[in-house]
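First, one chain by itself: the form predicted on its own, in structure tokens.
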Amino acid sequence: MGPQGVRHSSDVEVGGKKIVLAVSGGIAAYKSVHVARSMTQLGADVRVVMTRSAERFVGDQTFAGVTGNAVAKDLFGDGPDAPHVELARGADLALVAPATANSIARMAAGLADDLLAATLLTVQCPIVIAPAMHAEMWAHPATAANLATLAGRGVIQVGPNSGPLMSGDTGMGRMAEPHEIVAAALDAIGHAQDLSGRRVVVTAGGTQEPIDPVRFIGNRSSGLMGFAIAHEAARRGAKVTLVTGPNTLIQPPGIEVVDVHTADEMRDAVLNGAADADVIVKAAAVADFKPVDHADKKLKKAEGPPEITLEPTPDILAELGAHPELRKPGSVLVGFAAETVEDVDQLKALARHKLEAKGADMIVANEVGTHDSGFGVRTNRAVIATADGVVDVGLVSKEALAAALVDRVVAFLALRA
């Protein structure tokens, strides 16, 4: 069990597994020495490839000493095989730690002009990245776009965390701790298929309720959280249907995507899949109200403010909770609640209330309206409520929250088997 309630599978045999540890130039490179040592002690054959910038933080002899293998640095070699081909051939996992903003951008662009980049473009195994950078770089839209690109290719992300950074600053962008990175690596090597044979329906994004052909009632949901859950479920063997409102995210490979706009369309799509779904995760931020009538033509400003009468949209989660006959017997129902709160105790109380009110098996309540949690950012401050109590997950990446959620879903399914 990792910090803040995030768990990864670690019961994996790694003896003899070939691990490519790619170390780029960030101050967090010192943590990668501990990762290399831990993986080596577990019996893995760890091959380290470093950028020239990484050598400014950790010497190659340090990695050679803990792994027993020479460190690779040069794109060109004297042997019959190109160094990047030799490194990539037979690799069971590529682990990028630290993954700087630069190395993430280069991976997303598919560059191959140094040994590290060429190796990562050649490997045919799972790739895990541990981002590490200053808070401003982490928050930049380019970084978010690059991470979304990599996620769409199946790259697994661990961290970052919030904490002390270079130059005495504090914020989001601190590389995950070595034990977290090792746990994520073991999980990836094990290809944890604990949802194999299961069908999962996930909703994502916000809905748009039309006022006229150009205006709508909606919210700021980006869809990042729902997409992360869909990725995690698919990675663990599930057949996933992602029902999503309008978004700008990359369509995930290997996942059935159903595009919708309104709450009514989302309800129809969810109910269509509910009868066969082992798990339904309602992560979408559905608009609470919609206009009773919407105009067929654009409303003109010169005609003055229109009178708009609103009515509630369908509460899909509550309907599924109140009518179990709509769902597959033994299925797990998960809801999300976006809340503005004063503290974590209030967040827990709201999660408990919604759990009872909606008839769900699990409620994930996350804080919105802050710079590091909620809509449009890569992290969430969240709690997970079940009938057994409420777990404070803390402030984590949406990918880490997705992993923690799926862990609990798997436990529910095991109890109902």
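Sequential numbering from 1, following the sequence displayed. No experiment lies behind these values; they were computed from the predicted model shown.
Although not depicted, the form predicted together with a small molecule is the subject of the following passage.
Of the stretches 155-163, 68-76, 332-340, 96-104, only 332-340 has residues with a heavy atom within 4.5 Å of the small molecule in the predicted bound form. When contacts are judged by a 4.5 Å heavy atom cut-off, residue 288 counts as touching the small molecule in the predicted bound form. The closest non-hydrogen atom of residue 146 lies beyond 4.5 Å of the small molecule in the predicted bound form.
Looking at residue 316, you'd find a heavy atom of it within 4.5 angstroms of the small molecule in the predicted bound form.
The closest non-hydrogen atom of residue 358 lies within 4.5 Å of the small molecule in the predicted bound form.
Proximity to the small molecule in the predicted bound form, taken as a non-hydrogen atom within 4.5 angstroms, holds for one residue of 284, 233, 185, 176, which is 284.
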